[in-house]
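The form predicted alone is given below as one chain in C-alpha cells.
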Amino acid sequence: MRKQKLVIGLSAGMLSLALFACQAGRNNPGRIYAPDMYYSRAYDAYSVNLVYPDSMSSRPPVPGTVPRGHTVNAHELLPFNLPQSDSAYAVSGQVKNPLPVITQATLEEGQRLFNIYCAICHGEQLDGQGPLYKSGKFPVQPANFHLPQYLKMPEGTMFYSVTYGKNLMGSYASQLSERQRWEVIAYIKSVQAKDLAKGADSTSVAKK
C-alpha cells in the first residue's frame, strides 16, 4: 500500500515537473543565433541609413524596372516617361503610342474608359457636347475631336494633356493608369481615322 502511494506521488510529481517545464519553455524561446535577423532595425523612409554609401534609406528602383500599370516603349525597351517640362517634345509628334498592338479589345476598353471619364465633357460622340457642357455649367465648349485641329493632333500631345491637364481640363493621371490613357487615345484616334477616311472619299468623289 505504501509502495503504491509512493509510485502515485512520484508520478504526480513528474507530471507536475513536466507541465512546469513546458510552461517555462513557452516564456523562454531560448538563445537566438543571429538576433539582428529576428529583430531587424527599422528605418524611416527619409532617415539617414549608414548601411549604404549615400546614407539614403529610400532606395531607387532597379535599373529597367517598370512600375505596375505602366507601359514600355516598344522601340527603346525602357519605361516610357513624359515629364511635364517636356511639352515641346510631345507637340513635335515624336511621342507614339507605345502599346505594341492595338486590337479590337484595346479599342473597346478605350471606349469604355472614355465614356466613364471623358464623355461627361467631350460627349460620347466626341463632339464636345457632353452633359456637363450642355447643362450650361461649363463656360467653354470642350474639345470637339472631329474638328481639323484635333484630327491632326499628335498622340503625344493628347497624352501630355490627359497626363498634366490643359486649360480648364485637369490631370487624369490619378484616375487613369498610363496604359489606360493610351487606350483612350487609341480609341479617339480610331474614330478620327474614320473621319479622315470619309474626308478622303469625299475629296476623291469631288475630283471625279
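Only a predicted model underlies this, so the values are computations on that prediction, with no experimental measurement involved. A residue's number is simply how far along the shown sequence it sits, counting from 1.
There is another form of this protein, the form predicted in complex with a small molecule, and it is not shown here; the text below is about that form.
Against the small molecule in the model of the complex, would M169 count as a contact residue? Criterion: heavy atoms within 4.5 Å. Residue-level check for M169: yes, a contact with the small molecule.
Residue-level contact is defined here as any heavy atom of the residue lying within 4.5 Å of the small molecule in the model of the complex; does N49 satisfy this criterion? Although the small molecule is absent here, N49 would stay clear of it in the model of the complex, with no heavy atoms inside 4.5 Å.
In the model of the complex, is there a heavy atom of the small molecule that lies within 4.5 Å of any heavy atom of L82, even though the partner is absent here? It does not: once the small molecule is placed as it appears in the model of the complex, L82 has no heavy atom within 4.5 Å of it.
Should I102 be counted as a contact of the small molecule in the model of the complex, where contact means heavy atoms within 4.5 Å? No.
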